[in-house]
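Here you get one chain, nothing else, as structure tokens; it is the form predicted alone.
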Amino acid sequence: MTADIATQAQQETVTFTVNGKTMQGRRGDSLLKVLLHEGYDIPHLCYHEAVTAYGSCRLCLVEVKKGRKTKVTTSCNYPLMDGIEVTTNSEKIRKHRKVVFELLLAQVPNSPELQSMAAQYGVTDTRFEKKYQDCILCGLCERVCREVVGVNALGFMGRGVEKDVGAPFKQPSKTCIGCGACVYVCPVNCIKEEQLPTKRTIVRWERNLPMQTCKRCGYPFAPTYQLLQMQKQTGLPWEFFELCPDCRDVKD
């Protein structure tokens, strides 16, 4: 059994190079995840290690040589494999990256977050016609809602220039639990949250939810619908969720 485990481990470990440096990693891992872990400067907007890679923003481009073929590819959804040679900052990559930044700036020209990132890579304006939207359609909000929260309150709709992300039929969401995960992961800060003592509002989805008040201290600490979802996922008794985290830590 020990020999089988050792053999399996060897099969999972691959050797590759990044900018001429030999490295090792686990077969199938996201190339971007590995590069970021090793400290390489790779811009990205649509990637988060908690959800499936989507490759929509196109910023994480690298050159990958496999055998005799070399191609420019997004690194977030490129699986790590044995023998590949990766180049992260070639002249070709810099040119492609600047075009991508310009396209994103044309789509969402008023995002301070995007402007700041683009400026770090030498892009301060765009030659393309500005559309003055606020969303880059990275899909992070949809993926975190579906894959992590498990609610499926959001989805893509439309095609081409009409493509958008939101609640079904662009109506106020009826399934959003107000957890704020979409607000947290949005890279251009276009999903706003408003917090009042008695309710939380996710503005973009037009979702207003009452806050659960702690049974012991009276502090409104989370949306009730979020706690109901957590109870469903964990199987814990509702009494556990009637107390805020601070009061749960206090022993009777």
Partner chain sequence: MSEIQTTVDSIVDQYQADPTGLLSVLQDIQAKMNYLPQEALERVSERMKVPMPRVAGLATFYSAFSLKPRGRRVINVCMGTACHVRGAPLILDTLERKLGIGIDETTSDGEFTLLKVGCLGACALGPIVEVNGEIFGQMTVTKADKLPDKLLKEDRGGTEK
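Computed from a prediction, not measured in an experiment: that's the story for all the values here. Positions refer to the first chain, counted from 1.
There is another form of this protein, the form predicted together with its partner chain, and it is not shown here; the text below is about that form.
Its partner chain is not shown here, but in the predicted complex it comes within 4.5 Å of a heavy atom of Ala153. Taking non-hydrogen atoms only, Gly122 never approaches its partner chain to within 4.5 angstroms in the predicted complex.
Although the partner is absent from this view, Lys95 stays clear of its partner chain in the predicted complex, with no non-hydrogen atom inside 4.5 angstroms. Contact between Arg159 and its partner chain in the predicted complex is found at the 4.5 Å heavy atom cutoff.
Look at 101 to 109, 161 to 169, 74 to 82, 87 to 95: in the predicted complex, residues with non-hydrogen atoms within 4.5 angstroms of its partner chain sit in 161 to 169.
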